[in-house]
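Okay, so here's just one chain, in structure tokens, the form predicted on its own.
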Amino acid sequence: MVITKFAIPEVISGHGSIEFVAKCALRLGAKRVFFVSDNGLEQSGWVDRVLDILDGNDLPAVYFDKVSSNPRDYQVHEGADLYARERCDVIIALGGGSPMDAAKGIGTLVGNGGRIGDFEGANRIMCPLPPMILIPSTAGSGSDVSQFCIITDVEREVKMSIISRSLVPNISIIDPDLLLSKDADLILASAIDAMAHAVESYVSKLATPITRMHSHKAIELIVKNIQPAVEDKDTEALRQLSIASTSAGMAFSNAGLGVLHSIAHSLGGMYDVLHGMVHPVLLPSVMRFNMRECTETMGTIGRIIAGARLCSDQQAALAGIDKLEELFASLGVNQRLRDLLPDQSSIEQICRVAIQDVCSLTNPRESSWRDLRGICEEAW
């Protein structure tokens, strides 16, 4: 019998659930909150909303907003220093993957000391982190439920993958009302990120029946709801995308990802590309590359995407990839790597770095940097 584990936080979800943030913090023993977010959430009014809720419950907060897209190592160090100086005791993060990953990095240093690069890889965090409450403002990253934290090492130009059970927050508050303030491009990029999480976790070497159940549901919900969510900001479709993102996050957190994310991390470290925009470019090529090693599961994915059909697994898998490319085209996203890179000169370096990413370990097909170069050349 195979022994598996499935780690997730307490999840509070639904319209208006953000109102419970102060009560959750108090339940975790908070006396002085360290609150991480960014300029975009300030402009949309959500930062003030959280600060008002904390103030209304007599809970003081130190606000930290020096977080960029693809958060940098020096920003994490700066946040950890401020946390210590202000003697905070609970971390709350509001945002997409960047503020939430920055908060996890800050918590890692608060609990363990050292430099954030010391924890790159799997299971290198030895001491507990402060209690954390994460509030996703997008439906895609899954950072609010996952064991992953992605931080850019500025000097090496690499997005470091840090993976540890310690990075799962205590509480995730998922309020789909936050999605209403996002523009269509960000909703789209986030949903495609969630789709990539679901597909890669479904075929991962570490996938289990429980993770596949979540991957399956996430793919199904994204295919059904992505267009009304992006084109009309349909509130029910946005709520369904929130559920899909959570399921995909639970799946990849426990099953791992694959070479698509390895390449995306390497590319993002060198060119600071929006993470979700890498996936429509590379996901179909990665699926075709992996199909030889996992034809049956790829066939299942194909049937979820393209609909039930009486044909072989290989035919269903290819139909699903074709349907996915049609969906991306109908949504108007870039589908060629040439739209993200200035030329092909850096592809070899991107792939040499990517193959060392911890996400490569769980890819269903053994691969070399040359295999990754082939994927990039197909997507060019």
Partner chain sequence: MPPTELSDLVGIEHSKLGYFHELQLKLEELKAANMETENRRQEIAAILDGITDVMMVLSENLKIISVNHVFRELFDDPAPEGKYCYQIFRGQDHPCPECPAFKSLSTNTVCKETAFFRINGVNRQYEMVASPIKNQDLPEYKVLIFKRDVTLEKEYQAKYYHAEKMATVGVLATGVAHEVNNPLMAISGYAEGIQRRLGRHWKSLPGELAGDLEEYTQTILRECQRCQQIVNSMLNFGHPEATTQSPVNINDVVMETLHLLHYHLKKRQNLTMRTELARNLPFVHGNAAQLKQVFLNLLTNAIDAIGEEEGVITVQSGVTDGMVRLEISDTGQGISADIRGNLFDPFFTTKPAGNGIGIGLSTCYTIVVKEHAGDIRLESEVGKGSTFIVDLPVPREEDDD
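Because the structure is predicted, anything quoted here is derived from the model rather than measured. Residue numbers count along the first chain shown, from 1.
Although not depicted, the form predicted in complex with the partner chain is the subject of the following passage.
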* Asked: Three residues, S44, C149 and L180; all within 4.5 Å of the partner chain in the model of the complex via heavy atoms?
  -> no
* To do: Identify, from the list T295, Q227, N170, T235, the residue with a heavy atom within 4.5 Å of the partner chain in the model of the complex.
  => N170
* Quick one: of A80, V90, L129, L221, which gets a non-hydrogen atom within 4.5 angstroms of the partner chain in the model of the complex? -> L129
* Is there a heavy atom of E120 no more than 4.5 Å from a heavy atom of the partner chain in the model of the complex? -> yes
* Taking the shortest heavy atom distance, is L206 within 4.5 Å of the partner chain in the model of the complex? -> yes
* 4.5 angstroms heavy atom contact with the partner chain in the model of the complex for I163 -> yes
* Heavy atom of L361 within 4.5 Å of the partner chain in the model of the complex -> yes
* Asked: Which of 129-137, 190-198, 264-272, 298-306 has heavy atoms within 4.5 Å of the partner chain in the model of the complex?
  -> 129-137
